[in-house]
Ligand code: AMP
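Single chain ahead, written as structure tokens, the form predicted alone.
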Amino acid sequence: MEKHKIKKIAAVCVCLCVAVVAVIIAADLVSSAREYQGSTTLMNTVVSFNIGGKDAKNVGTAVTSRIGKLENASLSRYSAASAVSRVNANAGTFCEADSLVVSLAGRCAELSEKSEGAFSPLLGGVSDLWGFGTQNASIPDNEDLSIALTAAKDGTIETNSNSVKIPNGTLLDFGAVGKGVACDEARKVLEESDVERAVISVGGSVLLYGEGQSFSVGVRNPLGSSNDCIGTLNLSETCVSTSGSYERNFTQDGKTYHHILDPKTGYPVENNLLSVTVVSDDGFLSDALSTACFVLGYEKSVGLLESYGAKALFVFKDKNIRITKGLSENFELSDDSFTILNGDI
């Protein structure tokens, strides 16, 4: 066995999207038990791993197990045994839930208030009417949409120490935060281990883990394929999430409808944005804010992002890019068909 240490240099490029994240690892790595790469399907998306450090494979297995438990026991609306399903089945009354769901419900309610309703976790019924991601995706009936939307707009989430109450006629849906929460749960597993670095991608959310590590995160070109990037964010340990109009959509009568719904209208958001990428140390916030900021638009998002200590990159339909304060120095544009309109603001 060699006694000298082998220096490892790793560069990671992660192209973000809403449904699928392509993780491209360019590395000079030693193939051993200290390296683990793999992917699986959880939370209705691709979950990818690149983990380096002691017992990396077993840590990866533990991360997979934690995310699977998060989905089935807590967050999935489609698992009858989950806490969210129980809350939805008991709408109108307080329903006991695990501490994570109680906490998330409270945080979602707070963000809904701070974003002036641009973010809403009560749109599950509205989303179901659209059928995004199914073979039955179509424009919903106006009357059905009005009933579901009114219930979501007029109601609020209530929580106490161990229970959640949602309004009658609504469905609690953590779809806009679940993948970021999965990154937070993955971080807990990593912190309990001896791994040195990790990149965990869960759909449009990515956890970059490793004290003193550097990562290159490619921001997807919303007008290209899933592997096309417009540029690179050079970051240290953090979470990154992207919401965009290019995934989960359908075309009807010549018009394309995407899955990011405006809580005020119940229809897909119509603005000049293609995508929003948010950087935050908190996976929940990176995921939730990427949706909220897409709904709000650039100008109204700046103050909300600052209030949470988050940063963002906005890509517009006219191929312009705006970047909030403190993040522009981390971004390197590689596609000259796009234009950065500003530095720090």
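One rule holds for the numbers: they count along the sequence shown, beginning at 1. Since the model is a prediction, treat every value here as computed from it, not as a measurement.
If you look for the form predicted in complex with adenosine monophosphate, you will not find it shown, but the lines that follow are about it.
The chain is drawn here without adenosine monophosphate; in the predicted bound form, the stretch among 116 to 124, 222 to 230, 134 to 142, 157 to 165 whose residues come within 4.5 Å of it by any heavy atom is 116 to 124. A heavy atom within 4.5 Å of adenosine monophosphate in the predicted bound form is found for one listed residue only; from 279, 295, 47, 63, this is 295. Among the residues 261, 239, 171, 181, the one placing a heavy atom within 4.5 Å of adenosine monophosphate in the predicted bound form is 261. When adenosine monophosphate is considered in the predicted bound form, residue 243 lines it closely, a heavy atom lying within 4.5 Å. In the predicted bound form, adenosine monophosphate sits within 4.5 Å of a heavy atom of residue 175. A residue is said to contact a partner when one of its heavy atoms sits within 4.5 Å of a partner heavy atom; residue 301 fails this definition for adenosine monophosphate in the predicted bound form, lying far away.
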